[in-house]
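Just the one chain here, laid out as structure tokens, in the form predicted alone.
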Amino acid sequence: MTNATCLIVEDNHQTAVFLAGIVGRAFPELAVRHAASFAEAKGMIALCRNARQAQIELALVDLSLPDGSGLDVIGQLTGASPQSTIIVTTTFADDDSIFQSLTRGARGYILKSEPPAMIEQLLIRIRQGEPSLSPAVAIRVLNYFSRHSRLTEDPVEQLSARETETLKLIAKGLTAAEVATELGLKPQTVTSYIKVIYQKLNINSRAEAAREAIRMGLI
């Protein structure tokens, strides 16, 4: 398709040029567009709602932007263009960044410190429907699920229906107040639910809550 586009969201110009070169080799059929901020990315994503504009088939998104988070870019693009393949390209390799990105809709997570040839090969995997994960990221994901596969009790059975609904919403990034509005509850009630959820699942953060929600098939 002549109107197929790759959107690179990256505030460092040299890195954007570097990634554009790799995309050009891996996907020569894609036109490359660059956004250096969340505001620019948001404007370009809005265009994909118009059928006459170039559709974003691939997006490489940095998590650290001067005016916002790449996580918000992922959310915007997932809502506007569900068919887009979103790959995070970042220097952050912590669990929170990885699982929040995957929860929001990213289908790959590549560390910019990888050799150019490896980044190109990881992107090419998209053509075979394979996830584009840096080795270090893949190991983190596998280790997490390996640890939790040893749990003998089904976590779904540990939670009540209301607790399950709460977990699903906080894993998507909603605050306790937003969850309360969504479920028609008082914020204090939601806060109590969250405490119980953390205790039952033996977790301590929203990142772990997102991982549990993914493992339980809630999102």
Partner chain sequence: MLPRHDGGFGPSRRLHVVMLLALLLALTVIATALTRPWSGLEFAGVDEQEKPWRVTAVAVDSPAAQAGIAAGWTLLSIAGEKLEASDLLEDPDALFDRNLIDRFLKRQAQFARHLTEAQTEFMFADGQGGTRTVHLDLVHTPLRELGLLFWVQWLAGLGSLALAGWVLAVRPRDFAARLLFISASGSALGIWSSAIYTTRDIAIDGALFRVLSIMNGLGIVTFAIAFAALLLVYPRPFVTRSAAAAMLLLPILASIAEAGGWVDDVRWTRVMLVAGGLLIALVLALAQWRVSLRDPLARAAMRWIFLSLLASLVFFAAVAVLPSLHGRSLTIPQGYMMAFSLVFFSGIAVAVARYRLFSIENWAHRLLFYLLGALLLFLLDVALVNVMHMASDLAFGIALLVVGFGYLPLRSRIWRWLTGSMHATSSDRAFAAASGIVLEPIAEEREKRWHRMLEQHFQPLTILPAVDAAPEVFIGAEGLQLVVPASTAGAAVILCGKAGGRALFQTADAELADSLIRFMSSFGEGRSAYVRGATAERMRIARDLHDDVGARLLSAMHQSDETVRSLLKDTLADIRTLSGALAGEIVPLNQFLAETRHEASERLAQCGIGLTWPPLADDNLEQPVDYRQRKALASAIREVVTNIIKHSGADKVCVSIEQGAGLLTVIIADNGRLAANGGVGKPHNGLRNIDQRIRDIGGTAHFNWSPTGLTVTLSVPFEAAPTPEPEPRSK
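Under this definition, the rigid core comprises the largest set of C-alpha atoms superposing within 1.5 Å between the forms. Computed from a predicted model, the values in this text were never measured in an experiment. Positions refer to the first chain, counted from 1.
In what follows, reference is made to the form predicted in complex with the partner chain, a form of this protein that is not presented.
Only one listed stretch (168-176, 190-198, 34-42, 66-74) carries heavy atoms within 4.5 Å of the partner chain in the predicted bound form, and that stretch is 168-176. Though the partner is left out of this view, Glu114 does reach within 4.5 Å of the partner chain in the predicted bound form, counting heavy atoms only. Heavy atoms of Ala93 reach within 4.5 Å of the partner chain in the predicted bound form, making it an interface residue. In the predicted bound form, Leu142 stays away from the partner chain, with no heavy atom inside 4.5 Å. Taking the partner from elsewhere, Met118 is found to have a heavy atom lying within 4.5 Å of the partner chain in the predicted bound form. Contacts between 181-207 and the partner chain, taken as any heavy atom within 4.5 Å in the predicted bound form, involve no residue at all. Comparing the forms between the shown form and the other one, the C-alpha position of Val73 differs by less than 2 angstroms, with the core used for superposition.
Comparing the forms between the shown form and the other one on their rigid core, the Cα displacement of Leu167 reaches 2 Å or more. Once both forms are fitted on their core, a CA shift of 2 Å or more is seen for Ala177 between the shown form and the other one. Between Leu133 and Ala117, the Cα spacing is larger in the predicted bound form than in the shown form, differing by no less than 3 Å.
Distance between the C-alpha atoms of Leu174 and Leu111: shorter in the predicted bound form than here (change of 3 Å or more).
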